[in-house]
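For reference, the chain that follows is the form predicted on its own, supplied as structure tokens.
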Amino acid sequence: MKFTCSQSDLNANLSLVRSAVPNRPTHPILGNVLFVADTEKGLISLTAFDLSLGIRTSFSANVEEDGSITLAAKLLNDIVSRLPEGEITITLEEEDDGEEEQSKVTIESVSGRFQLRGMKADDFPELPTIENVEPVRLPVSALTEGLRGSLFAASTDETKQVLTGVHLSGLQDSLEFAATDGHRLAVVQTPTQQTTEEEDSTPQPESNLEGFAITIPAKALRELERIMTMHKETEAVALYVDEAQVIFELGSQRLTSRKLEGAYPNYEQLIPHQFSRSATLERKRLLSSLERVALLADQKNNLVKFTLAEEKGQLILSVESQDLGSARESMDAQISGESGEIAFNVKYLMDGLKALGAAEIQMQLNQEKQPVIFTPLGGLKMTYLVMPVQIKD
């Protein structure tokens, strides 16, 4: 194997696949990246696989000799990221070392050369494949918008596996994304039929999403987000699904992941539809105020108290910490219903406000212990539910 490529191409593609390299591999070869050089196509493909998440990407290079090898991912990434811009030549040389054939790879750049020991590609596990299944085609714009508004709310508690993912379900002409950690819930609907000024010469076939439902690990979806940033929003992602796996294909990139098992909670039942109080708020102003008062929030409960002052047309934010002090800010608000107090985890609020996107948002609520709903006024079709925290007298 021998090829020459640019440092920037190799570095970018190595960074992409490295997320699928486990920190503590159960087998040494899982800590490696698989290189495959193809002279006919003039392509180098890189693959990493932790037996749950797999990423494959390819890029153009001047390939002189076909071949394949696996190299230690962290070491290789550390070397390539520090090399100067310009061309890099990578050459694989097989050495017959008595009983066992060794693989030595030379990396040459304008600054010098490195030699690394590699492991045979034959021992690298194959990425899962899904045969004889029609893909679901989803616009990059729909997936990007849906993930931006939901991923942050997924649980990090590995004991509740199904909650560590995002639940995708198909409606007649939209895709619904839902994520919850038990304290908050984010639900986003994005249209699957994309209208653009420029007509694509090869129109994408429409996918029937009704009845489609799947829960995908948040880790895999964060990597899909990274992949999509390398593509235009008008492109389509092909999604293949079987009983155990999901595969996303976009251009020269492929991402494979196991599905999360178990029934996802019936989150629709958690969302109230009638409210006794509401407030219309300027999103950026509220977020800025929260970021300031949060500096003095008690580190144990991270609590912020909202006081709805209907007669003044104001929302008052306050925090108090026995060790640090206290803070209080107020802002104009259009309030309907009775005045009152309610408290939240300030981090949950800020996460949701960043995702809501619109200039103005609406907060809808009932009694102080019941779920509170935040929705954007215009733009993204999103519902953000937050459970309030009990205020201690």
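Bear in mind that the values here come from a model prediction, so they are computed numbers and not experimental data. In this text, residue numbers run from 1 along the sequence as written. Here, rigid core means the biggest group of C-alpha atoms that superpose within 1.5 Å across both forms.
This next part talks about the form predicted together with a further copy of the same chain, which is not shown.
Contact with a further copy of the same chain in the model of the complex, defined as any heavy atom within 4.5 Å, is confined among 220-228, 136-144, 315-323, 264-272 to 315-323.
For the options 347, 328, 27, 41, the one in contact with a further copy of the same chain in the model of the complex, meaning a heavy atom within 4.5 Å, is 328. Comment: a further copy of the same chain is not present in this chain, but in the model of the complex one of 183, 120, 117, 160 has a heavy atom within 4.5 Å of it, namely 117. Among heavy atoms of residue 75, some come within 4.5 Å of a further copy of the same chain in the model of the complex. Though the partner is left out of this view, residue 285 does reach within 4.5 Å of a further copy of the same chain in the model of the complex, counting heavy atoms only. a further copy of the same chain is not drawn, but in the model of the complex it has no heavy atom within 4.5 Å of residue 213. Contact check for residue 258: no non-hydrogen atom falls within 4.5 Å of a further copy of the same chain in the model of the complex. Of the residues in 281-313, those that come within 4.5 Å of a further copy of the same chain in the model of the complex through at least one heavy atom are, in sequence order, 285, 291, 292, 293, 295, 296.
After superposing the rigid core, the C-alpha of residue 117 moves by less than 2 Å between the shown form and the other one. Residue 173 shows a C-alpha shift below 2 Å between the shown form and the other one [criterion: core-superposed Cα displacement of 2 Å]. With the core held fixed, residue 312 shows a CA shift below 2 Å between the shown form and the other one.
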